[in-house]
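Before any questions on how it binds or moves, here is one chain, the form predicted alone, in structure tokens.
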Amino acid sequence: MKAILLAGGKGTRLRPLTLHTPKPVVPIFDRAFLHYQIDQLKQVPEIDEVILSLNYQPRRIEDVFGDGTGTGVRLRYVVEPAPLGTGGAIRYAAQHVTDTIVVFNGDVMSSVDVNAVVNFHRERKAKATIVLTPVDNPTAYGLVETESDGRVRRFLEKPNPDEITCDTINAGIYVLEPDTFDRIPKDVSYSIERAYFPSLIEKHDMFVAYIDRGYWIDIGTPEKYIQVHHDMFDGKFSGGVFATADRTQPIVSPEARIDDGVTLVAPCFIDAGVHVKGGARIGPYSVLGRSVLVEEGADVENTIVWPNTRIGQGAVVHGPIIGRNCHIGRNAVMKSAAVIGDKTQLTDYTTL
């Protein structure tokens, strides 16, 4: 059995962070995002290969994951010759695959039990199963209506308030049978959501919904990227280091260096190679990536700092996301949810 991760998007909503870092390898604490999806797929013992469908900066993704050694599953890379949309990408990646396929959109984190979804798909003898998740404000999404027996009735794109009939949206997780892929045209951009799924409804194929009311988030915006870190700090989602860590205490790598006189306020996370100098304060909801340097007297709070960035003496940094290899100058003040791209230099005493 195979799984396909649709990891070809450019991550435009996360720019400038994704100019040099494709969204699938954007760090969530100390791990590339796709690690969390791979962990989920490992719930299904039958899955013997995960296919990464790539388009944007594929080499950078392959550099992170290699052949899958360390992930516990064999990885294979398929690079689209041109952007093919979600449906076209699935057909292209699934060439020569004849068994049931699990598909994940490359921007969702979820606690769904994938094994349970596969079993449900087989019990219903479905051609396709879509995972749905409830949301508080359905007007921002496309609703998916279902019949009483669980079959999918219709898709409704970004409904007006008076059109809302349910609260379930597409969670971006599917179980599909490849014998339906002949309806997806070859080598053209084709949407699984807007074309393939409606075709299943029109042809009265067995197309069912699995409704999951557990954790779900689309990490594709800075606001959601920050939220997933907060949610993991708060215990709403578990994975990676948080599978075993004590959230009530600062989480500090044994390979980090914390000088005397540093104040650490939980929840916070400090990765390997970080050096925090005396008098600095690392406040709640702070994430310091690998080899970050925080100099004397700096105050960091509610901030995500990517690897190899330096925060200068006396700087006050509350709220932003800071990319790789940045330099925040001495006594600079940043108190906003700004998004700072890689290699940014913020001069001494600058206030944002």
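So that there is no doubt, residue numbering starts at 1 and follows the sequence shown. All figures in this text were calculated on a predicted structure; none of them were measured in a lab.
Another form, the form predicted together with a small molecule, is not on view; read the next lines as being about it.
| said: Quick check on this chain: which one of Val175, Leu84, Met232, Ala280 has a heavy atom within 4.5 Å of the small molecule in the predicted complex? | reply: Of the candidates Val175, Leu84, Met232, Ala280, Leu84 is the one lying within 4.5 Å of the small molecule in the predicted complex.
| Residue (of Phe207, Trp216, Tyr196, Tyr225) lying close to the small molecule in the predicted complex, criterion heavy atoms within 4.5 Å | Looking at the other structure, the residue within range turns out to be Trp216.
| request: Check, residue by residue, if Ala7, Asp107 and Asn170 all come within 4.5 Å of the small molecule in the predicted complex, counting heavy atoms only. | output: All three within 4.5 Å in the predicted complex.
| task | May I ask you to state whether Asp259 is within 4.5 Å of the small molecule in the predicted complex, using heavy atom distances? | result | Contact with the small molecule, no.
| message | Can you tell me whether Pro134 touches the small molecule? I mean in the predicted complex, with a 4.5 angstroms heavy atom cut-off. | response | Although the small molecule is absent here, Pro134 would stay clear of it in the predicted complex, with no heavy atoms inside 4.5 Å.
| query | Using heavy atoms and a 4.5 Å limit, would one call Ser53 a contact residue for the small molecule in the predicted complex? | reply | Result yes; Ser53 sits at the interface with the small molecule in the predicted complex.
| 4.5 angstroms heavy atom contact with the small molecule in the predicted complex for Arg330 | Arg330: no contact with the small molecule in the predicted complex.
| Just one of 269-277, 119-127, 136-144, 250-258 has heavy atoms within 4.5 Å of the small molecule in the predicted complex; which? | Contact-bearing stretch, as computed: 136-144.
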